[in-house]
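Below, in structure tokens: the form predicted on its own, a single chain.
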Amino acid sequence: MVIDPPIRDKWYTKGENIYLSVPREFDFSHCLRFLNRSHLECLHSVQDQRWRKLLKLGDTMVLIQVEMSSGNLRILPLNTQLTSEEQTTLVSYVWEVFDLGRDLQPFYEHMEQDPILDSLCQAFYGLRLIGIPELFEALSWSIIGQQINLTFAYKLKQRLVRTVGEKFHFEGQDYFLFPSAGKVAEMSAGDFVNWQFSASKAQYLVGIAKAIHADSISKDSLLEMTDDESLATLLELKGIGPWSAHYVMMKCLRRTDAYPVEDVGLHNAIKVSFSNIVKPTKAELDAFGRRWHPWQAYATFYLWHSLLK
């Protein structure tokens, strides 16, 4: 992962701490609320307004803790000292997860004429679209979540991660990495049976792992494409339909006009926000998409966030 030159002026170190400046339109507490939405989450933890996440930088396991400190994000590696190159990679990762390079003022201005989105923008001001920087993880999560409820999707992810992913033990707690594409590419669909994966989900995961491991598709190549090209390329993958493709474009490729129009959570949020008693029609959803363009991804994310208890 290569850090963009402009970001170099956004952070500094003091001892083992890394301090990363954040935009004015950033609220860490809103972001943590989304990250802490399920007690079944197995890839990070949120406690006392701190986010802990296990990463692998080269061959080194690095457990980081991120919190706000004097208006900056303070990033602390908990288990090891980092080289300058590793610090740069780590900052780039956090920058991408929280979409810190995005100017949200145009989004807020665009939604001022939308009564529902304007109220959500005011309520969740500073919420960033939390990303999944790794392509294989984003694709896998989109497959795992197809046509099942969110709780069961988390349980499936948990079983896969805790069985196949690398583990790091720190201060009495286990932290996990999402399995690499190379690891899953070595598996067979039958390996997923005991975890209650459907045969089709297992086949899709193994097939996509093989494609990524063979470098037949990569995040870098997708980022070089237009929206239409990246969408078409994702749809060529077996198991990736329009919902999954738009989800990956939204969460991994960071396309603000990605619009997972088939998403059940989006439908439920619209029903609640607009006091409807029935699911919005395709025509209504398309009309919302036109109204929110080119910020459909952020509009969707804010609507998802509105459902959190």
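Predicted model, so just to flag it, every value in this text is computed and none were measured. Residue numbers run from 1 along the displayed sequence.
Another form, the form predicted together with the DNA, is not on view; read the next lines as being about it.
Trainee: Does residue 37 reach the DNA in the predicted complex if we count a contact as any heavy atom within 4.5 Å?
Mentor: So residue 37 counts as contacting the DNA.
Trainee: Contact between residue 243 and the DNA in the predicted complex at 4.5 Å, heavy atoms?
Mentor: Output for residue 243 is yes: heavy atoms within 4.5 Å of the DNA.
Trainee: Against the DNA in the predicted complex, would residue 238 count as a contact residue? Criterion: heavy atoms within 4.5 Å.
Mentor: Residue 238: contacts the DNA in the predicted complex.
Trainee: Determine whether any heavy atom of residue 264 comes within 4.5 Å of a heavy atom of the DNA in the predicted complex, and answer yes or no.
Mentor: Yes, contact at 4.5 Å.
Trainee: Indicate whether the candidate residues 147, 155 and 304 are all in contact with the DNA in the predicted complex, with contact defined as any heavy atom within 4.5 Å.
Mentor: Judged in the predicted complex, 147, 155 and 304 all sit within 4.5 Å of the DNA.
Trainee: Sort through 171 to 179, 87 to 95, 192 to 200, 104 to 112 and report the only stretch with a non-hydrogen atom within 4.5 Å of the DNA in the predicted complex.
Mentor: Of the stretches listed, the one contacting the partner is 192 to 200.
Trainee: Tell me, which of 218, 151, 119, 233 has a heavy atom within 4.5 angstroms of the DNA in the predicted complex?
Mentor: Flagged contact: 151.
Trainee: Report the residue, out of 282, 56, 279, 50, that has at least one non-hydrogen atom within 4.5 angstroms of the DNA in the predicted complex.
Mentor: Exactly one residue meets the criterion: 279.
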